[in-house]
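Just one chain follows, in the form predicted alone, and it is written as structure tokens.
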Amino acid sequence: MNFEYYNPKSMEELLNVLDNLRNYYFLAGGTDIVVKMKDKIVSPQNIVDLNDVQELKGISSEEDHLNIGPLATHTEIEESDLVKKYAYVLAEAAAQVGSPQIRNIGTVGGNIGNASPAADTVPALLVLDTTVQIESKNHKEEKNLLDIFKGPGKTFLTEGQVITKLKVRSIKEGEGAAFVKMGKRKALAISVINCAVWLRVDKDEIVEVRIAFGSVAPTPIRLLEVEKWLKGQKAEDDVFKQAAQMAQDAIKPIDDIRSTAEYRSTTAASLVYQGLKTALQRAREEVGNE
């Protein structure tokens, strides 16, 4: 297999390379592209190695959000004190990605860029209202993560563009979140279905809520209608059960080699109920700790 290899050492060099290149693939952790090349699923003309671009790395805190570089590995996210304190649901999701070897080299940017409907970190990022910074040589913009995905394996990023930063909203007092996943095995499993929940409560009322799913649609999704219904409701068991049923009715999963649509629909209700209960418990713990 013949291809041109590019190894930029800075953001400026990277953007210059991308500005003059077509038909390329990024190399970050390599957990996806290397396998696809080996299996002859893709035959790129150009490979752009991102690993020496230091501006794409690191995790830092700023006001009400975390800045996470797209080259942050799942292990770095899982073990980050900042993530565990301000965005623990993301740490929980990262801890469920593949094997320790995959987590050590796989990146959060790769999880987004591969646009797999089953990506574990994406639902957690969605409920934390994550925005992504996208850059090209002559342009920089921010987009909500939900607006990035076009379909299985496809994003709306165009040639010349690269994700340079994730802005992940911090979890505050009175807020709680949870990540729940169902796979075929306890470890190393690609998600049959996964779900993340975030909510904010005031006394016993749900003020705001976000629910995201993976593996139930061509792209990761938010359950916007269920979220809308939950706002203003009592934070109690009966309400959570109704929301769980609404979630089951709202999704339109398919049959594939990992599971059936019927199983995913049934499991969705259980995951939403479990996620809401856990998120509420954590929100109340946060208030109690103040």
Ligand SMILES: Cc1cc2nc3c(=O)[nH]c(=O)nc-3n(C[C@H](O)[C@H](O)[C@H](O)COP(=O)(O)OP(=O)(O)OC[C@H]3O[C@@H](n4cnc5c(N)ncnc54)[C@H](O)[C@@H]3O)c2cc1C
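Sequential numbering from 1, following the sequence displayed. This one's a predicted model, so the numbers in the text were calculated from it and none came from an experiment.
We do not show the form predicted in complex with this ligand, though everything after this point is about it.
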Of 200-208, 101-109, 215-223, 75-83, which is the one stretch near this ligand in the model of the complex, taking non-hydrogen atoms within 4.5 angstroms as near? 101-109
Looking in the model of the complex, is this ligand within 4.5 angstroms of a heavy atom from every one of Gly30, Pro70 and Ala118? yes
If we test each of Val97, Leu126, Ile171, Ile193 for a heavy atom within 4.5 Å of this ligand in the model of the complex, the one that passes is Val97
Just one of Leu66, Leu50, Leu230, Ile251 has a heavy atom within 4.5 Å of this ligand in the model of the complex. Which one? Leu50
Using heavy atoms and a 4.5 Å limit, would one call Phe240 a contact residue for this ligand in the model of the complex? no
Can you work out whether Asn114 and this ligand are in contact in the model of the complex, taking contact to mean some heavy atom pair no more than 4.5 Å apart? yes
Taking 4.5 angstroms as the cut-off for heavy atoms, does Ile41 touch this ligand in the model of the complex? no
This ligand contact at Met182 in the model of the complex, heavy atom, 4.5 Å: no
Within 4.5 Å of this ligand in the model of the complex: residues from 145-167 (heavy atom criterion): Leu157, Val162, Ile163
